[in-house]
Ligand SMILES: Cc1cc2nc3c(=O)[nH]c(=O)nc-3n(C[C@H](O)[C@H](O)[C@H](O)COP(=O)(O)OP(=O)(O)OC[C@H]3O[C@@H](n4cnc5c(N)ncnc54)[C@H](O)[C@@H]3O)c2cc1C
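Here you get one chain, nothing else, as structure tokens; it is the form predicted on its own.
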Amino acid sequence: MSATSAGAAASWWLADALADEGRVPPAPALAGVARADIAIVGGGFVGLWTALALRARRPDLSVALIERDICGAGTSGKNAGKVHGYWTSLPRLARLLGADAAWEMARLGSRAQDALRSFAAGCGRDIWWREGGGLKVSAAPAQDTAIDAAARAMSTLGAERYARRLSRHEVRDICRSPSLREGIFYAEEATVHPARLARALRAAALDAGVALHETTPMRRLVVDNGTCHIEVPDGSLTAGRVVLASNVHQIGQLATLDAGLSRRFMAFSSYALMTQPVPERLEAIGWTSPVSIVDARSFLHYSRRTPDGRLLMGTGSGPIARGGQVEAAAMTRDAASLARCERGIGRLFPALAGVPVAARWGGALDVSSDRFPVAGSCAGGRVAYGFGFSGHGVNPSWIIGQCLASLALGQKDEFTRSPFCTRALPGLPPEPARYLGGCAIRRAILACEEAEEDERRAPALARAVAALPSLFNLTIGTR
């Protein structure tokens, strides 16, 4: 596989990971009738972490994992590779769930960060793990209030040590861009090569004795008399328990198993581009560290540099999927979103405008109604599921993997007692109101933020529509 052309669905990350790995054929597709104690659907971060946790806790149980493509080809291999837990979200979590639950989730995020660091050190592969922290920065006068509010909230919660306020001068010590203003530095953040991480987890799962079947999509899941039957194109897999870990691709199946879940999440999309190596241009603006940078928009721009001197620029402002239509072209080939990535470079890093682009891609994201991931079970406890990573899944995928392993094994522990499993998600409107309303709010927020960056007042209607989510205690974007 080679680097993708403009607008294609696959990511630069996956092409590079496969080239680095060499000629490793896909694991054999499942053919005929197979059985396992626990079956996992989805070979991304969540499914692989779950498989590893199950084999570590109960090596006597057989675990089979099916993946519709190859491991790393989905969302796990498309993201920015920014790795952090929930200190960046602590104030929002405290508003939603209370301070105690917020701190519990943040501390579990630190546990996950330790686990990822340990895996990176011991996996025997260079997965580009770099620890340098993350910077959230204002890139327009109107965004200053978001930085101010975040800093005050962290102080109120007694969490200042996890978030250091930076002056404009201190921000320039990280990156000299005329667009970057004041910011907040979060020390507990790293970057990783996401597709190499996925492929390393795949290798670890095989070493742990997981029966892996790639190019094996699930056609149907039926739970009958306490037994789970998974139909695949050329056979079937029967198991006592099933773990659904296929992110947006499980929307339809979850709705079939539990109609209420369909009102708890929806699919947005995110887009990114990767430049050719330009280390000298990054050095010219002083961006020589592995610090990643995001702006303070609601539909943020996210960026990072790679160890070989490339710039990744992404935008979380892609279109919304109607219902479970996550394969629609808008989820992977939206020209406006791809153009927004390029404008993001010119806006945030004008000295890098016009750098040659190696690849562009997009993909659907499973977004929960409160913007945080959740794990649970249905079908009488026979089926465990995890969803709602909302574009922030590298670190939380380890947490949800532990939660899913505990749920599949029927264990009551710190993971199943945590808010990741116990909190109630607010309900979203039914379709088509959910889709139509989401599209209107997305357009209004984008219009407001574009006006803010131009230092003009947004139209009154756009401001009114953009404010609607807060009236229903919902979060659209990152604010």
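As the structure is a prediction and not an experimental result, all values here were calculated from the model. Numbers for residues come from their place in the sequence shown, where the first is 1.
Same protein, other form: the form predicted in complex with this ligand, not shown, and the subject of what follows.
Going by a heavy atom distance of 4.5 Å, is residue 445 a contact of this ligand in the predicted complex?
Close contact is absent here: in the predicted complex, residue 445 is far from this ligand, nothing within 4.5 Å, heavy atoms only.
Contact flag, residue 196 vs this ligand in the predicted complex, heavy atom cut 4.5 Å:
Residue-level check for residue 196: no, no contact with this ligand.
Do residue 82 and this ligand come within 4.5 Å of each other in the predicted complex, heavy atoms counted?
Judged by the heavy-atom cut-off of 4.5 Å, residue 82 is in contact with this ligand in the predicted complex.
Indicate whether residue 389 is a 4.5 Å heavy atom neighbour of this ligand in the predicted complex.
Answer yes; at least one heavy atom of residue 389 falls within 4.5 Å of this ligand in the predicted complex.
Given that this ligand is left out here, which of 367, 399, 394, 274 has a heavy atom within 4.5 Å of it in the predicted complex?
Residue within 4.5 Å of the partner: 394.
183, 74, 318, 134 - the one with a heavy atom within 4.5 Å of this ligand in the predicted complex
Exactly one residue meets the criterion: 74.
Please name which of the stretches 428-436, 449-457, 63-71, 25-33 has residues with heavy atoms lying within 4.5 Å of this ligand in the predicted complex.
Looking at the other structure, the answer is 63-71.
Honest question, do 42, 217 and 270 all end up within 4.5 Å of this ligand in the predicted complex by heavy atom distance?
Spot residues vs this ligand: full contact, yes.
In the predicted complex, which residues of 129-143 put a heavy atom within 4.5 Å of this ligand?
Not one residue comes within 4.5 Å of the partner.
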